[in-house]
Every structure is written in structure tokens, then in C-alpha cells.
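In the form predicted on its own, a lone chain appears below as C-alpha cells.
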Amino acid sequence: MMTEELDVSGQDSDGGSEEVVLTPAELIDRLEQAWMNEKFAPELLETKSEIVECVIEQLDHMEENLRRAKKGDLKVSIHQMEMERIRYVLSSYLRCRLMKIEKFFPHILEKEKTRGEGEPSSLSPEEFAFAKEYMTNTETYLKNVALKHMPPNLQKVDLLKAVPKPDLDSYVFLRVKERQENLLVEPETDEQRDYVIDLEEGSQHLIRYKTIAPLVASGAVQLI
């Protein structure tokens, strides 16, 4: 029931768009990779809205096939369980992103505001609208509940300073998908020096997130 190929838009090395043809199995694998990365990364990652849309489309297609299948067929039960599993991964992925938006909304919106032309967005259009509304509601709530009762010189709050930033110095587990040479690792203390390491394909490491953040974005490593 999962045999059709789907087109997913991507970014080529020059920043232009390209169509990537994926089988349904490859599409679900992309979703699971995005889910794991989002789950374990301390910051909000680039939006994968094209994959989300394709997965929703594929689920609709699978539901239509199930409606036409013979009742009592064992394959129907197997495909229903697979659909529930996919729905869980999709819901968990989107929920994780919303939780990060709520937690870091001023910094996410500031990053979006200063994003250069051609740089991928961290937010889908729906997430961007949600983040702006969440920020407006937070400012309104703070003003009505607390700020208006304070002296005039204290009636403003800088949310960029008040809300903690994502901790990019936190450590993450990863699995290497593409061999990396001469990866620069910053020292943890002033007494230490920078050093370089090689990451062998298939190896697993515990390393500071900001060191490998570009590799997560490029898909060279997978957070686990």
C-alpha cells in the first residue's frame, strides 16, 4: 500500500530548490530522522514542512487504500498499526517544535528577523504565525497582570533578556552518517586548547551540540 513515489522540495548546494523523489519508505525515514534530531537538539531546527505535508498526503492515501481493502485481511491490521505509528511520530515531532517555540519564542523570532536571504527558515508559516501570536499574548499578559502596577521606569521588559536562550553548549549523542575530517572542537576551559577530531562513518559520540550543529543541519550526523 506504500508504493507511490513522492516529490519533496529541497535545497541544493547553491541555495536553489530541487525536487527529490522519495519512496514512501524513504519519506518515513526522513520524518523519523527529523523527529530524532528535533527531539534531542537544544534549539529549534530548520522546518521540514515539505516532509510533513508529504507524510500527511501519504497517510490520506493509505487510508483510502484501507477503505477499499477486504475486511478481515491481516494486511489491513498491519497497515493500520503502521499508520498509527507514523501518526505518533508526526504528532510528536510537531509537538516538540511547538514546545521549543513556546520556550524560546523571542530568540526564535529574532533569528527569523535577522535571517539572510537564501538561508533556510526555522519556522513554517503556521509556526511563525503561532510564535508571533504567542509573543503578543505574553506581552499583553505581563502588562495587564504585573507591569502596569509597577513604576513607569519598570513598565517595560526585554523578552530577549528575560527568556533564556537555547543551551548550545549542552552535550548530545550522535551517530555519524558521513565521515568528517578535522572537526574543530573548542576547549571547555581556558586552560585547554582547540583540537581537531575525525568522525568515522557509523561511529557514535557524545559531544557539545554547537560543535556539530552544522553537521546536524546538513544531515551528516544523526542525533540519537
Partner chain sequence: MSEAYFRVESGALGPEENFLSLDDILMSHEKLPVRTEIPMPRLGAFFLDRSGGSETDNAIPQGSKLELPLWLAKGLFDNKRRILSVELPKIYQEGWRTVFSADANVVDLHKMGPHFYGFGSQLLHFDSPENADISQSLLQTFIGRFRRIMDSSQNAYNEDTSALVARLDEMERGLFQTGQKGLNDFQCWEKGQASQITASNLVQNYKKRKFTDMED
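Positions refer to the first chain, counted from 1. Being a predicted model, the structure only gives us computed values, none of them experimental.
The following text describes the form predicted in complex with its partner chain, which does not appear among the structures shown.
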Name the stretch, out of 50-58, 22-30, 157-165, 64-72, where some heavy atom lies within 4.5 Å of its partner chain in the predicted bound form. 157-165
Is residue 143 near its partner chain? Define near as a heavy atom within 4.5 Å, in the predicted bound form. no
Using a 4.5 Å heavy atom cut-off, state whether residue 80 contacts its partner chain in the predicted bound form. no
Is the gap between residue 87 and its partner chain in the predicted bound form 4.5 Å or less for some heavy atom pair? no
Residue-level contact is defined here as any heavy atom of the residue lying within 4.5 Å of its partner chain in the predicted bound form; does residue 103 satisfy this criterion? yes
Every residue of 207, 211 and 213 near its partner chain in the predicted bound form, heavy atom within 4.5 Å: no
Identify, from the list 109, 96, 76, 135, the residue with a heavy atom within 4.5 Å of its partner chain in the predicted bound form. 96
Could you run down 79-93 and flag each residue that has a heavy atom within 4.5 Å of its partner chain in the predicted bound form? 92
